[in-house]
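Okay, here we've got a single chain as structure tokens, the form predicted on its own, with questions on binding and movement later.
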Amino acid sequence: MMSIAVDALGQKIIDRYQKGFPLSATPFKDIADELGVLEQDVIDCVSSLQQTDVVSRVGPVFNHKKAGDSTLAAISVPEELLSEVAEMVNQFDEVNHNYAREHKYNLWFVVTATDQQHLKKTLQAIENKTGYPILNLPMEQAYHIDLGFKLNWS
């Protein structure tokens, strides 16, 4: 197992802003002001956390049903073509992430679009590009999963 050291500023940013990231035109300045450091220190720290994969994403989580439409989708791909097909799927702006699974349907991804019609067109375009039929699994019921984690830095 690889271990990556996170400095005190990184720890503070992660502890304080897993939730409640400032919604302003200058979020890193807001964080800097709260933590008593320079804005550039915050930007450099967050960039470093992302480059070392300590932080995979800085961005909003919103109710996609209010902003448009989305679905979970899957494709069954020959194992030797999985990376190649994943790259094809990632080329669509509407795909916000994908991942491999050990299952008949081994490439899973989430597609978000402005509306149902756009979503259907995107799924069809992905099928056309990859050459594989898509298993479309639209959400039937929303569940809120709190993804904030209390971390032990010792």
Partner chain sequence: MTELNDIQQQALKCAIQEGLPVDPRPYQVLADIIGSSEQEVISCIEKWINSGLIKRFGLVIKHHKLGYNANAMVVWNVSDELVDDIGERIKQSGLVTLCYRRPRRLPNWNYNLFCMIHGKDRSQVLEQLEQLREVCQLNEIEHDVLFSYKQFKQCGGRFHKQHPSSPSTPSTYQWNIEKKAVNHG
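Numbering follows the first chain given and starts at 1. Every value quoted in this text rests on a predicted model; they were computed, and no experiment measured them. Rigid core (definition): largest C-alpha set, two forms, superposition within 1.5 Å.
Another form exists, predicted together with its partner chain; not displayed. Remarks below refer to it.
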Option touching its partner chain, based on a heavy atom within 4.5 Å in the predicted complex, out of 126, 86, 32, 119: 86
4.5 Å heavy atom contact, residue 4 and its partner chain in the predicted complex: yes
Residue contact check: residue 131 to its partner chain in the predicted complex, 4.5 Å heavy atom: no
4.5 Å heavy atom contact, residue 58 and its partner chain in the predicted complex: yes
Residue contact check: residue 151 to its partner chain in the predicted complex, 4.5 Å heavy atom: yes
Contacts with its partner chain in the predicted complex - residues in 8 to 26 whose heavy atoms fall within 4.5 Å: 13, 14, 17, 18, 19, 20, 21, 22, 23, 24, 25, 26
Displaced residue check between the shown form and the other one: residue 35, CA, 2 Å or over, core reference: yes
Core-superposed comparison between the shown form and the other one, residue 58 Cα displacement 2 Å or beyond: yes
Is_shifted residue 136 between the shown form and the other one (CA, 2 Å cut-off, rigid core): no
